[in-house]
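One chain comes next, on its own, written as structure tokens: the form predicted on its own.
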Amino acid sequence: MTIVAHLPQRALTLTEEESAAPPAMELTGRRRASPEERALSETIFREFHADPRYHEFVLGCLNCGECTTGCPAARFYDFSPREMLQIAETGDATTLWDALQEKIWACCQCYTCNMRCRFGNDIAGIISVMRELSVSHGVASTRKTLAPFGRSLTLLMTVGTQVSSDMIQPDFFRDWGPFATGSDRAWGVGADIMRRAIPSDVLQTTRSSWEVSVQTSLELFRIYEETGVLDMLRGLDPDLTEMLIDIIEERREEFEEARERFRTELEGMRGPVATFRG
């Protein structure tokens, strides 16, 4: 008792400065959420569980870890598909909020976890729902995380992809390479037959992945408009949104000019073809 009595005494309550950033949180690299962030996390949590896709995507977890062992992102980042599924299934507003800060953006949406899941969960799908909510609510960490990816978003929203087939290497996507065996059991065909379905020019060059027709670009953009993607993006990055709108308006003008030229040439034709109206 004598030794204890001489130990330095510390008040049991935190000062205002310590309350804003508790020492334990500093050690873990976390910070206390503000009242506004806590309110937003509760809102996102309610919307997450009310989403009609939630009960379709989250079916249960056997805790086998197969999803994480096959995840390419788990090899390089502090990310686990199993953790994302467990947060979705049993987590609270705080754990969901923590996942929205960075972890959901480590997923490369390759859907390997879905193929490996014995319970049939759509883990990649539920991560997409998390991402949508994070973007639609303009979470500050999401704006910061996605800021460097303007080029990728531009490619994705104008040509529909940001990865070409020749970028997929067997060392990182073993299920796609010479070690693929799942397709043999599921569909009764080997990897050699499956690869024949991929055009050879796509396998050899990235160029064909970036070349899409004007009509395809316009169809993509119409999807973004009608599904509200543009509105979400505008709240996240207004400058990028305006740039994308400018790009697609140029495509629309190009498409209208091409269609007008086609009509003019068609009207100038003579013979049986002249009766066609497009």
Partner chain sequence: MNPILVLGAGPAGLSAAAEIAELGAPTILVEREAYLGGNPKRWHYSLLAPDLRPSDEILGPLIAKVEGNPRVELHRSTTVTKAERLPKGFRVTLKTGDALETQEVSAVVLATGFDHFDSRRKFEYGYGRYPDVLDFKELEGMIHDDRVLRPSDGKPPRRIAWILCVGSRDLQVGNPWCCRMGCAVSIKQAVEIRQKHPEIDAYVYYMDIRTYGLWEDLYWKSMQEYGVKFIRGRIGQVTIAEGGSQLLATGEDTILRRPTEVPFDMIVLASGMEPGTGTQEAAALFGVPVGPEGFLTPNLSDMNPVDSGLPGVFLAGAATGPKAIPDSVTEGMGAALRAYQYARN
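Keep in mind it's a predicted model, so treat the numbers as computed, not measured. Positions refer to the first chain, counted from 1.
The same protein also has a form predicted together with its partner chain, omitted here; what follows describes it.
* Asked: Does its partner chain come within 4.5 Å of any heavy atom of N114 in the predicted complex?
  -> Yes, N114 lies within 4.5 Å of its partner chain in the predicted complex.
* At the 4.5 Å heavy atom threshold, is K144 in contact with its partner chain in the predicted complex? -> No, K144 stays farther than 4.5 Å from its partner chain in the predicted complex.
* Asked: So in the predicted complex, does any heavy atom of A74 sit within 4.5 Å of its partner chain?
  -> Result yes; A74 sits at the interface with its partner chain in the predicted complex.
* Is T241 a contact residue for its partner chain in the predicted complex, using a 4.5 Å heavy atom cut-off? -> Contact check for T241: no, nothing within 4.5 Å of its partner chain in the predicted complex.
* Exactly one of G60, G228, G235, G65 has a non-hydrogen atom within 4.5 Å of its partner chain in the predicted complex; which residue is it? -> Among G60, G228, G235, G65, a heavy atom within 4.5 Å of its partner chain in the predicted complex occurs only for G65.
* Asked: Residues in which of 94-102, 116-124, 149-157, 132-140 have heavy atoms within 4.5 Å of its partner chain in the predicted complex?
  -> Flagged stretch: 116-124.
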